[in-house]
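Quick heads-up: it's one chain on its own, the form predicted alone, in structure tokens.
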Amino acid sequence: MHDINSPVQPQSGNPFATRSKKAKRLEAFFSLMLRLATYFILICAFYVFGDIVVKGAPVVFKAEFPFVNTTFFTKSPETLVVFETEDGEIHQLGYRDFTAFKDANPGVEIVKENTHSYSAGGILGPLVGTALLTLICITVALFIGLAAAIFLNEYSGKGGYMDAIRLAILNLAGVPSIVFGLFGLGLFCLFFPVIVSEANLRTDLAFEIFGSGKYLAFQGWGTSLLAGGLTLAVMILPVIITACEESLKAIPQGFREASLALGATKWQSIRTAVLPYAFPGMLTASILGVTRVAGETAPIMFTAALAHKDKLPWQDIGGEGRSAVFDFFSQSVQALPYHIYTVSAKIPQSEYTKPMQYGSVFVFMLLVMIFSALSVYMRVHYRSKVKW
């Protein structure tokens, strides 16, 4: 046992003493390893993005005016036909142009003919479909996400129940996107209730509405624009709720107390003294959310996307009025991520498919960069206008 009356022995070693050469060499070694790991990651990123730029930019841009390949943005994907005529000349035409060529030259003998799916035309259909899916998603997710964040931060009390809800939201943010795709397929495509006539009845789980000849049928919307947009909204909701709640938490409590002290109601206090200052953070989260859902493949593959469609969504409407609106939202669409997946993994690869592959990826990369830069700019812009 230690004698309390004995003098305290001084600790061996001086914490402020110069480190030994061995410790210095060890620190230098780990510093070098971390630096090399960082450089390795940067080199890999530059190689991947550089390869996309080198092979994709010539597809999108050209040397002569207007310096942009407008055909790539104004046509939908179609089959590329590579054929050789009897004089030995090799032609590459889209399927429509190939049909027109044969009609205009009935005497030309085609010696060899090969087709390459989705490798001609452009990406107009996938771009339009991606924009519509993202618009539906962000409209629904922003409204519900902002409302949920305000309730959780401003109105809800503290306790185990609310902590469990927040934990569930955080857990949902980490669920793989393919799980949300299966969820959307089961709920929106196969089970969601719709009102139909007997001729459109596809399920036994249906109830007639007061003898009107109409049925409330739990048969879903099928693969459709609305099902895809709502599935993406459900997927991005946890991220938006968490980001908006963190933005609200960053506002000092004194702002709320001062507003309430001046006679404002709870909602007036939130609307005038909290939301304007939290808006930059919410805006950034929303734009980054758009960037994420625009690049998702699995959810829309199950709920909305088609590999090929001849007409744009507004060109395939059959009815008028409310029927036209329903027809618009109930049809399937093309989407850029699914188009990239199709031309890269679902068709035979050749030199004729690479321009479409790299051009589509290059455009998508540009869109992501533009949205990311826009989020940074708008955050800085609005924060400079709001002074605490």
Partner chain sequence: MSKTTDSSKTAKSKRGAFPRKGFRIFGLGLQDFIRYFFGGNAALAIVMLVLICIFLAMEAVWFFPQHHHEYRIYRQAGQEYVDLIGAEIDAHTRLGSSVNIAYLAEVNESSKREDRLINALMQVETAVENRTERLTERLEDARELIEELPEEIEDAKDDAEELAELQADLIKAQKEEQEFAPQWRKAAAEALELPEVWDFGVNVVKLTDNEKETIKEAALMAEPGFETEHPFFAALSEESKQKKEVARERLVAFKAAVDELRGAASPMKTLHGELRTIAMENREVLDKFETAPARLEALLEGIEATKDPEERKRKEEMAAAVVIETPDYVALTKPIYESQSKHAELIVPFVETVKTGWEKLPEVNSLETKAGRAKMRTAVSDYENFLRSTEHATKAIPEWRHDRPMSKVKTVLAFFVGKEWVTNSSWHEFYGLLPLLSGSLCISVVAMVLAVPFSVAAAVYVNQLAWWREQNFIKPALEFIQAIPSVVLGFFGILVLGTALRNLSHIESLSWVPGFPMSERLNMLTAGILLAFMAVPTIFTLAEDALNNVPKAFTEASLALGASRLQTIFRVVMPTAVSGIIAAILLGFGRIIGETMVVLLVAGNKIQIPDFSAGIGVFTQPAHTMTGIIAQELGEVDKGSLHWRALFMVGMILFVISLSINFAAQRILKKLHQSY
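Residue numbers count along the first chain shown, from 1. Computed from a predicted structure; not experimentally measured.
FYI, the form predicted together with the partner chain isn't displayed, but the following is about it.
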*Tell me, please, which stretch of 120-128, 96-104, 158-166, 251-259 lies within 4.5 angstroms of the partner chain in the predicted bound form when heavy atoms are compared?*
158-166
*So, F61, P66 and Y352: all three within 4.5 Å of the partner chain in the predicted bound form by heavy atoms, or not?*
no
*Verify the contact flag for S344: yes if a non-hydrogen atom of it lies within 4.5 Å of a non-hydrogen atom of the partner chain in the predicted bound form, no if not.*
yes
*With heavy atoms only and a cut-off of 4.5 Å, decide whether G186 touches the partner chain in the predicted bound form.*
yes
*Is there a heavy atom of A37 no more than 4.5 Å from a heavy atom of the partner chain in the predicted bound form?*
yes
*Within a 4.5 Å heavy atom cut-off, is S177 in contact with the partner chain in the predicted bound form?*
yes
*Tell me, out of L190, V194, I287, V239, which residue has a non-hydrogen atom within 4.5 angstroms of the partner chain in the predicted bound form.*
L190
_Please tell me which of A273, L172, A243, L306 lies within 4.5 Å of the partner chain in the predicted bound form, judged by heavy atoms._
L172
_Within 28-61, the residues that have a heavy atom no more than 4.5 Å from the partner chain in the predicted bound form_ = F30, S31, L34, R35, A37, T38, Y39, F40, I41, L42, C44, A45, Y47, V48, F49, D51, I52, K55
